[in-house]
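Take a look at this single chain in structure tokens; it is the form predicted on its own.
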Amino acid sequence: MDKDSMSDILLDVRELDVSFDTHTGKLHAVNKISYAVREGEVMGLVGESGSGKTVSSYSILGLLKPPAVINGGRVLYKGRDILGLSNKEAAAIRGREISMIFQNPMSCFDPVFTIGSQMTETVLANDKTASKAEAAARSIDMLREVSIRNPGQLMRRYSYELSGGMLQRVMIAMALLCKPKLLIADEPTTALDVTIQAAIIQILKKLQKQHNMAMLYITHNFGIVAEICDRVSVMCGGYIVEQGSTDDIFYSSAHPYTQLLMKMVPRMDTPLSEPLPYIEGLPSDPTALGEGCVFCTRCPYSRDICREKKPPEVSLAPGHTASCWLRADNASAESGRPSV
């Protein structure tokens, strides 16, 4: 990557490696993954449940607790490695610089306190110069930005009085109260129906552009990727197997896993008599990862070398890479060099 392209990188994850100590051995959740998020862009982190997406995001914010272990790697935010920060230093970054929207908003609010008290507390904790009146006014303004009617009235309500869609809007408002440079959205629409989901996506798109905010959007839904993301990293079994622009992934996907995930997206023109597509086989056991490709047991193109050796990362176009022996063979054939 040249200096010009590196100058606008806000978050740079390098060789991040995370495991969990369990009674059956080490569970490898994230295996030396690397990706970058530039200022003002939306990076999609895509994969099946259990592929390591959420664990990697929790690592960025310092939210992992034992038995999780960060074995190595670096997470550079504005060029500063934030993995080794103390709890106090990490708390100073959370909310002000990097904020997060979680999957289940109901579990993130205290039912004993009103929405207003929790929002104003967030402002006061991150801005020591703000008064309670200013914090309340900022909270009401942000609730209005996420299209909530009568925000003053909502400030007096409790989380259990709100629907899932309304509560998710409140969580987005809380995440943006301190105007973070980077927002991590961890499948924020998973528990919502499709109509509410679409409304939440539109709100996120509007606010992201309005505040020129970078976003790391974690999802398994390629429909959302097409709607909101500029670039995409595809995760499988704790590894990133393909990276590229959204156009690269949708129109020139190279890894068999990415291609199969794309086929899983339901289509309106599919006959009702046709069975839903699925990826055959089970994901690799994270406590017993072999020496080969993490997808080899489920890949329709799997060969002996796929089971014996990790595939190299192949550059297919500027900014588009895939880790697959099939692509390595093609690249070697074009260059006239052997692949192994």
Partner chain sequence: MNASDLLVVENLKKSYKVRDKTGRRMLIKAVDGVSLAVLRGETLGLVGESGCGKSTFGRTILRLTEPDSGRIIYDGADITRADMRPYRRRMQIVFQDPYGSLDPRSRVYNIVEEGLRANFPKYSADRLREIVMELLESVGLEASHAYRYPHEFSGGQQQRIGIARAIAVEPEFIVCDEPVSALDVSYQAQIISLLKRLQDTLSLTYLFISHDLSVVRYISDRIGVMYLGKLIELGTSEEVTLYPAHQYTKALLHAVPAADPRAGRAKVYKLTDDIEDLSIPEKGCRYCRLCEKAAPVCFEEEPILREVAPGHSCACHIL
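Numbering follows the first chain given and starts at 1. Worth saying up front: this structure is predicted, and the values here are computed from it rather than measured.
Here the subject shifts to the form predicted in complex with its partner chain, a form of this protein not shown in this document.
Stretch 190 to 198 is the answer when you ask which of 190 to 198, 234 to 242, 68 to 76, 206 to 214 has residues with heavy atoms within 4.5 Å of its partner chain in the predicted bound form. Every residue in the set 49, 166 and 223 has a non-hydrogen atom no more than 4.5 Å from its partner chain in the predicted bound form. For residue 264, a non-hydrogen atom is located within 4.5 Å of its partner chain in the predicted bound form, even though that partner is not displayed. Though the partner is left out of this view, residue 253 does not reach within 4.5 Å of its partner chain in the predicted bound form, counting heavy atoms only. When its partner chain is considered in the predicted bound form, residue 80 lies well away from it, no heavy atom lying within 4.5 Å. Residue contact with its partner chain in the predicted bound form: residue 277 places a heavy atom within 4.5 Å of it. Of the residues in 56 to 71, none comes within 4.5 Å of its partner chain in the predicted bound form through any heavy atom.
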